[in-house]
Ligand code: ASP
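As a starting point, one isolated chain is supplied in structure tokens, in the form predicted alone.
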């Protein structure tokens, strides 16, 4: 007898004695015979323990979700018993022996169907069981395939995959940072990256020209259905490119990947709409272009939003950036920026990719000369000292031959939500946080011990 055979391959072993390993998906005791559905990563197969089988005694004790090793004969089913609409519906495993590798306590909730209606906190506590459900297994595999195919596309197009640091400098712009105290430098803190923005621009300075990574990003922002503290993004940057170059490359990658996965795209090339027109027509810069029939058919309606305002007023009446302070204005507005004129009218080379009502990515052509970045920060009221404190390291880099460059970050979760039809971020993450910011399975956030606080030089305000 061979070693372990995957359930999906059993049809190639009719008439043979085989060994499979996996979980008991369903057990049906019919007195003289006991039927099982066994599950492994490749699928399901039905097995039967016949009367007088040496496996009958142990079969009576086995319950759903037990982990077992089974030896049995692969039999072809009689024609009248064939289930053509079911995986392995034309075969059955005649069980000879069963070995319990690990029993299971009763399940805290039913995982045989759609678990989305189960209480969020219970699902989070037992996330490893929730992930056994058919829907969650499919979502994780769709996510994995999407990332794999993107990687393959980018490698085939001369991109280099490079990781950037997880411990970095706090940048007060944008969302709030998650900060990490330094034991070696008491009173000082690292920040977890909201994005690899500055590092990927430094990689362009370093001459890599085409970079990407599957990057983790962490932002202390308000939680909602399509936003969490943590997310993953496909981050890429290209040198010597225009806005059209980057958009064309991303569009080709997305089209190549999702069509290879069997999905239909509504319109190619992706339509482009200005921010002004989007707000006037849809009331938002993310929108759903599908008809009701296309929604039912799970069509993907991608579109680009372009010509965003570079700056907007804060509540205090000061100017701030709308998307990214490292962006370039459109070429015809560069002189306005450099002179500090017509600030509210300056448009940026920002481009957002939207799909089925979600913003799934955003990028821009970047400032690559120090005087351009300086002009942006001066519009926002920074002094020379403040400018040096915030982005001095970027200005230094830009004085050493940084090429023109631009890129994008595509949100993996939101892309996969569109592929799976899910509407909540947590349905496409393996171990998401709850809406209250509690981690799955583990009990974070939680207090540190007094010893840990002392090592870090921290004291907790008890108020």
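This structure is a prediction, so every number in the text was calculated from the model and none was measured. Positions refer to the first chain, counted from 1.
A second form of this protein, the form predicted in complex with this ligand, is not displayed here; the remarks below concern that form.
Looking at residue 324, you'd find a heavy atom of it within 4.5 angstroms of this ligand in the model of the complex.
The closest non-hydrogen atom of residue 370 lies beyond 4.5 Å of this ligand in the model of the complex.
When contacts are judged by a 4.5 Å heavy atom cut-off, residue 233 counts as touching this ligand in the model of the complex. In the model of the complex, residue 409 approaches this ligand with a heavy atom inside 4.5 Å. Of the residues given (193, 357, 228, 362), 362 alone sits with a heavy atom within 4.5 Å of this ligand in the model of the complex. Of the residues 205, 239, 266, 197, just one reaches this ligand in the model of the complex with a heavy atom at 4.5 Å or closer; this is 197. Note on the interface: of 24 to 32, 401 to 409, 46 to 54, 425 to 433, the segment with non-hydrogen atoms within 4.5 angstroms of this ligand in the model of the complex is 401 to 409. Applying a 4.5 Å heavy atom cutoff to this ligand in the model of the complex picks out 219 as the lone residue from 217 to 231.
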